[in-house]
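The data below hold one chain only, encoded as structure tokens and taken in the form predicted on its own.
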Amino acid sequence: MPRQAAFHPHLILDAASRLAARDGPAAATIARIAGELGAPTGSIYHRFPSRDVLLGEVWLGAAETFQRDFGSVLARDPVHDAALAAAGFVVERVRRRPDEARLLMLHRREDFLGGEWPEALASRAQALRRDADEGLRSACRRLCGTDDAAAQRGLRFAVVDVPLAAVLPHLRAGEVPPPLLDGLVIATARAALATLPAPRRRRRGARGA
């Protein structure tokens, strides 16, 4: 039976994620990651060709996981309830996964991989953006009957901008978002959704009805 690697890539990614979340991406050097694991630096370079690739994997892994779960909430029915649930999801996610939240909400993608992204990582990042945009457009079409720029902007404000603005001060202070925030976010998101256009209904007797 082949010998199992002592330092699995997932362990290395977890250590890098902890360091980057706690002290910022710049602090997640190969030497510090190795120290966190009690591993030789060669073990890390054996599994990741560079620090940039390792930190790119850290950011992408967190972003893909968050978007998958957020998108699944936004895709539920009925869509109005799903949009409110998506706004609330952001606040609760910050409470349950503060390290992930710090990685994604306090830093930019470029903080993790400043140069040109390797092709494989760039493709994943592009797919992530496409999926996120399509999820928002789909929710717009279901909610408003259109996915024009104004509808998308309004929905994004309700389900993304509102909860982010609410949790960011607490993330920066290293605090857990208080329970009071849930009701405030939902109430604000509901008010924002009320400004969006309603789907147009076909007139009775219209052709094809």
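Counting begins at 1, following the sequence as shown. No experiment lies behind these values; they were computed from the predicted model shown.
Here the subject shifts to the form predicted together with another copy of the chain, a form of this protein not shown in this document.
Partner contact region in the predicted bound form: 99 to 107, out of 74 to 82, 134 to 142, 99 to 107, 116 to 124, criterion any non-hydrogen atom within 4.5 Å of another copy of the chain. Highlighted residues L13, F89 and R93: none comes within 4.5 Å of another copy of the chain in the predicted bound form, counting any heavy atom. Interface residue remark: L60 is not counted as part of the site for another copy of the chain in the predicted bound form, having no heavy atom within 4.5 Å. Not displayed here, another copy of the chain is kept clear of I44 by more than 4.5 Å at the level of heavy atoms in the predicted bound form. In the predicted bound form, P169 approaches another copy of the chain with a heavy atom inside 4.5 Å.
Contact annotation for L184: at least one heavy atom lies within 4.5 Å of another copy of the chain in the predicted bound form. Checking A31, A27, A165, V176 against another copy of the chain in the predicted bound form, a heavy atom within 4.5 Å turns up for just one residue: A165. Interface residues of 120 to 151, taken as those with a heavy atom within 4.5 Å of another copy of the chain in the predicted bound form (partner not displayed), are limited to A150.
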